[in-house]
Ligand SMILES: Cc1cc2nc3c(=O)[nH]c(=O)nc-3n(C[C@H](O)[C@H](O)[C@H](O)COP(=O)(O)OP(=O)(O)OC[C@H]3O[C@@H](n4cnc5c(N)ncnc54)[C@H](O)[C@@H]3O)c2cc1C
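A single chain, nothing else alongside it, follows as structure tokens in the form predicted alone.
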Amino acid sequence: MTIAIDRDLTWSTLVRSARDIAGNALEEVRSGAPDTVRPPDAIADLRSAGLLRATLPVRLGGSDLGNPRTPGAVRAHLDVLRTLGAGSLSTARIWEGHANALQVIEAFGGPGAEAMLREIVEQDAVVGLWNTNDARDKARLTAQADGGYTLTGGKSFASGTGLCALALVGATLVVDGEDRGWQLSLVDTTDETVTADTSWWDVMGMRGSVSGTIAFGGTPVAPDRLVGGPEDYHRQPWLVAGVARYAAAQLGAAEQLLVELATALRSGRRDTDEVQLGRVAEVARLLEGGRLWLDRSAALTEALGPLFDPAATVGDGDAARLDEFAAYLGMTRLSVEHASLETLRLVEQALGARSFVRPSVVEQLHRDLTVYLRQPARDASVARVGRWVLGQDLGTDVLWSR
């Protein structure tokens, strides 16, 4: 399938291009191509469609996709992720990290942001966003006497290992022997001091995300490669907004399962069976609920647009809105997770053992979705929602602000 190229990068064109990329991925699954050989092709498709620069500001050749301060941009961003997720959750995962990295650099990069982003554009590079520490050797960014920094330690679950020429890496900043907090920096992953290991990523699903381990053996980082200050990455609403992005990709995969189910029932002439019709109706209801949660999350994100400005001052009233936002995004995560798990269960019941026969889109999506639903800190997210709800006046007839 030919990928549409539109140098104007309109949001509707980006969604259409994502649909073409998803279609390519589904064709590869049906042909029996192994999970691990697909990522380079997907990256080439993303590059051709202009998706690698879509979240950049217009002045740098992007389309402002996903910018909370641009009306409609967040919803369009989620639509692209949902569409990519329908074809390949691994591709959606790699692109989501890349797109988020560019947004974070643009927002927090300070005086050096423009140069870093232009370098990424000139290289047409895929940028990783590697935050999870290797439990055995945590990443540390140590200030040196010459004004530079040295990165040591390791990362795990580093999506795009071997595919990303650059990565936005989080590490504990160490100055004069003291920990100063979590610091992001843009790192050249091709440096000889960086060692990647993809053999660690021996998992049931999401194999195409190539989420390996990375070891930094004294990797040099120039001062102008630091992005923001310590703990900027953890600022709200920036951090929690990412929940909607991975939920969108998850929902897209679940929606494709409904497509595959309907196709199988029609071809098997079981589309009039009342038990099967009941399963289809329940899946459709669940997925529409997930779509509504995402739509509302996008609206709330854009309503908080001014607070995404790093220079914004958060007042008392804003703090309450941020707490509500975090709770709502937590409920979005849980709702999409529930819809996806129920979709998996109902599709398995409807199709039986055929659900697990390879090569099969259903089998591939089952493995990938099962793994990708296991995002970190689920219990903390549940507790946050509960605390927020119990902190409200439940005697009113409206829990969430409108």
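Remember, it's a predicted structure, so these values are computed and weren't measured experimentally. Residues carry their position along the shown sequence, with the first being 1.
Beyond what is shown, the protein has a form predicted together with the named molecule; the following relates to that form.
None of the heavy atoms of residue 263 is located within 4.5 Å of the named molecule in the predicted complex. The named molecule in the predicted complex comes within 4.5 Å of no heavy atom belonging to residue 253. With a 4.5 Å cutoff on heavy atoms, residue 186 does not count as touching the named molecule in the predicted complex; it lies far away. Contact check for residue 376: a non-hydrogen atom falls within 4.5 Å of the named molecule in the predicted complex. Only one of 301-309, 203-211, 110-118, 314-322 places residue heavy atoms within 4.5 angstroms of the named molecule in the predicted complex, namely 203-211. In summary, among the residues 198, 195, 132, 123, the only one with a non-hydrogen atom within 4.5 Å of the named molecule in the predicted complex is 132.
Annotation for 150-166: interface residues with the named molecule in the predicted complex are 157, 158, 159 [heavy atom within 4.5 Å].
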